[in-house]
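Next comes just one chain, in structure tokens: the form predicted on its own.
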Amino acid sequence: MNEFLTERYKELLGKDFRILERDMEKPCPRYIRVNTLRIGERELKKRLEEKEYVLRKKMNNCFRIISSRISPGATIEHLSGYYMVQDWTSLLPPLCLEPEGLVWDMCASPGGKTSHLSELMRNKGVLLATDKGRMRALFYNTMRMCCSNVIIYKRDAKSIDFEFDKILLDAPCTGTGMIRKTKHVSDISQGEIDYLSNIQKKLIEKAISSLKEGGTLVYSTCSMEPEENEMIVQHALNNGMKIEETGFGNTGIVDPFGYELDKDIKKTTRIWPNESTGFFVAKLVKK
């Protein structure tokens, strides 16, 4: 971490910063998500163990790879769409959304969450997946994972004109939660945070205007910065949304850097990059 991030996290975490600093030196664990559209959890575990994988269950349909002789991206099971190499933290937004009906994944590429949404929907309903770039990865992953209810559309999310039952906005962000994997995020500055925060505000405004009354919006990032997380949720509350608990713990920060945010923002979930990658999840409902 650079000095800028170090000072921010010391202020946000207090004495717990020492735990983060210690764990940042450790390799980031690897996880896989079982694609139950293609295979059961037990069967996949058995097949991979026959290939000398050592797996430890993290949560339903998710294993931590303790050791492996073959790269998880090079097995026939991976190529056949039996699993996605995906951190457990990134499974939380689709689970939180509980997708059904007409669903929109606003910033869908490369398709990890899109394919998870489709799996949770059991290929029922309709899932619109939009993005401006990396369409090849999005198309490949949804096809590989046998997601037949997905419509892929190369389009800026802000130009979509439709109403949805449920929306996932996994917003473009600084990615500081990925710091154990991607060291370049150590050079993030306040200017970059502010720039992306403005984009996130515009995207969440679009999500709110595209959501049916009573509909659910899950907002998530792999950033640790309050300007990209809790403060964006505050912006949503100021624009007619209410917060519900995510079901993954109430760890949102309501007083970052001296700001006083709505006390209900505590209901959001913030995961620091200790056990895996860092993540933020908020569940919002349109009044």
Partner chain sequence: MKIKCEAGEFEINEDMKKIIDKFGTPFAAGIFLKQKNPSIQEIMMKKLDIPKIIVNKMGEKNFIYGKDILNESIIKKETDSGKVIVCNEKGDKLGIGEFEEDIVKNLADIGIYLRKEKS
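Since this is a predicted model, take the numbers as computed values, not measurements. Numbering follows the first chain given and starts at 1.
What follows is about the form predicted in complex with the partner chain, which we do not show.
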Requested in this report: Given that the partner is absent here, state which listed stretch (165-173, 123-131, 106-114, 191-199) has heavy atoms within 4.5 Å of the partner chain in the model of the complex.
Outcome: 123-131
Query - Non-hydrogen atom within 4.5 Å of the partner chain in the model of the complex for each of 79, 135 and 139 - result: yes
Report task. Identify which of 86, 182, 209, 149 has a heavy atom within 4.5 Å of the partner chain in the model of the complex; exactly one of them does. Result -> 149
Query raised in the report: So which of 58, 38, 235, 30 gets a non-hydrogen atom within 4.5 Å of the partner chain in the model of the complex?
Result: 38
**Report entry** the partner chain contact at residue 144 in the model of the complex, heavy atom, 4.5 Å
**Finding:** yes
Query - Contact label in the model of the complex: residue 161 to the partner chain, heavy atom within 4.5 Å - result: yes
Requested in this report: Flag residue 64 as yes or no: does it have a non-hydrogen atom within 4.5 angstroms of any non-hydrogen atom of the partner chain in the model of the complex?
Outcome: no
Query raised in the report: Within a 4.5 Å heavy atom cut-off, is residue 47 in contact with the partner chain in the model of the complex?
Result: yes
**Report entry** Contact set, 96-110 vs the partner chain in the model of the complex - heavy atom within 4.5 angstroms
**Finding:** 102
